[in-house]
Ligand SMILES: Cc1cc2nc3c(=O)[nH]c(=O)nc-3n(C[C@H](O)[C@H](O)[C@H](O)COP(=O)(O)OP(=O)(O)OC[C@H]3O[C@@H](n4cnc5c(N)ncnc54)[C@H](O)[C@@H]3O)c2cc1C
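Shown next as structure tokens: one chain only, the form predicted on its own.
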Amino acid sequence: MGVRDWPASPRSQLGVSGAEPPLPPMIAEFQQTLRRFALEVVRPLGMRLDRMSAGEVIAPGSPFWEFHRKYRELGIGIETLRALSPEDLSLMFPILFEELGYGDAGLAISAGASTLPLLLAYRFDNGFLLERFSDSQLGCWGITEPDHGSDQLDPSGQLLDSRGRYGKPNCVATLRGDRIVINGQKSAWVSNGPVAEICILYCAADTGSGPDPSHGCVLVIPLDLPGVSRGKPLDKMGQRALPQGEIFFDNVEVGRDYLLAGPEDYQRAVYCIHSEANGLMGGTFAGLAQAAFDLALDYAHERRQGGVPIIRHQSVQHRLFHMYRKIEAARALTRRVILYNNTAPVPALQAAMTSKVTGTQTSFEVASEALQLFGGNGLTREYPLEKLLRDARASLIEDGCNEILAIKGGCYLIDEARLR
């Protein structure tokens, strides 16, 4: 279409993902299916779960289990992802979490955490673990510890102060011959921890000379083993649909087949899962930001002040534009990063960190601006904005708080060869 074929007053109607070129037909249909799922299933269930106690969320018959049952019916499992080209995967993966986050961020994180044991088994090409476990089992990622939160993401010691000492690890796997014995605990922030059936466990390793957190190990294990127990689920400000809680290990014994990465591969394994998880977070919270923006845009057309819909006021137009601008940037950055990391010889963790930090910061800023547009109504539980703001606020801390990610990401920008 030439310029003279445009309307006299040109205007472009943006799609579900803003200023995005047409998607390949299969992926476009996938996105439409997910948007319906987000609006018809995920958001209503998330709102119900938000009003429940932490114990009620994980009880039999809870909407939490209904979500996972219906999510599995979509057929988005590890085999589906493995069948995609890197380019198609790099579109479908962020779209999946954008749309889940559009519905409910807590449930999106629950779905994402559940995929990590098998996703890392796939990345490490571990046939035993891929055969042993299935997508029907709810997974979790056990890494954070009571005394070592951000430390667990920094086995290379890039963040460690020269005066600092790591101290005693809270969870240790003792490797002896063909058996591994696990003792200790993971902290209350393990997503899906109170209910998961399998765990990808990152912990210190003891190969005979004492535990070494910088050369730990990674196991994928079932959580119905003797010696495994759970703490109570956390009662939290935000993402209340996401059960989080402690996991305890008391002389839990498994065979060496369950070892995904030994001490020699531990830093690679931390780098790998963090690159994956940060991309997931970027997509999820770009989706939350889009949800907050769409609600605010609709409300601005309906709510009248000064005799006109408030979107007629220049200050509202200005606010909405900058909300939209930030979402476009966050979404585009996440998709660019995931494509790069799926096609590069080695993914760039610093790039994944930009996705997580930008997506989560955008979600918090956009949700806050959206609530401001709702005025007093936004503070009430009759409208969803106060929930979105609580959910977004939690994202600035989870999966590595943004301040720590910025420092560690900056470390990866150093070119050691130029400093010699």
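Nothing here was measured: the structure is a model prediction, and the numbers come from that model. One-based numbering along the sequence shown.
A second form of this protein, the form predicted together with this ligand, is not displayed here; the remarks below concern that form.
S.K.: Heavy atom within 4.5 Å of this ligand in the predicted complex: which of T343, Q267, S150, T174?
M.R.: Contact residue from the list: S150.
S.K.: Just one of T334, Q290, Q239, N278 has a heavy atom within 4.5 angstroms of this ligand in the predicted complex, so which one?
M.R.: The residue from T334, Q290, Q239, N278 that makes the contact is Q239.
S.K.: Would D399, E403 and I407 all count as contacting this ligand in the predicted complex, using a 4.5 Å heavy atom cut-off?
M.R.: Checked in the predicted complex: all three residues contact this ligand.
S.K.: For the interface check, one of 188-196, 252-260, 83-91, 310-318 should have non-hydrogen atoms within 4.5 Å of this ligand in the predicted complex; which one?
M.R.: Correct option: 188-196.
S.K.: Give a yes/no on whether G283 approaches this ligand to within 4.5 Å in the predicted complex, heavy atoms considered.
M.R.: No, G283 sits far enough from this ligand in the predicted complex that none of its heavy atoms falls within 4.5 Å.
S.K.: Can you tell me whether N170 touches this ligand? I mean in the predicted complex, with a 4.5 angstroms heavy atom cut-off.
M.R.: N170 lies outside the contact set for this ligand.
S.K.: Under a 4.5 Å heavy atom criterion, is G216 part of the interface with this ligand in the predicted complex?
M.R.: Because no heavy atom of G216 falls inside 4.5 Å of this ligand in the predicted complex, the answer is no.
S.K.: Would you classify V41 as touching this ligand in the predicted complex, given a 4.5 Å non-hydrogen atom cut-off?
M.R.: Contact check for V41: no, nothing within 4.5 Å of this ligand in the predicted complex.
S.K.: Quick one: name the residues from 134-157 with any non-hydrogen atom within 4.5 angstroms of this ligand in the predicted complex.
M.R.: Those in contact are W141, G142, I143, T144, G149, S150.
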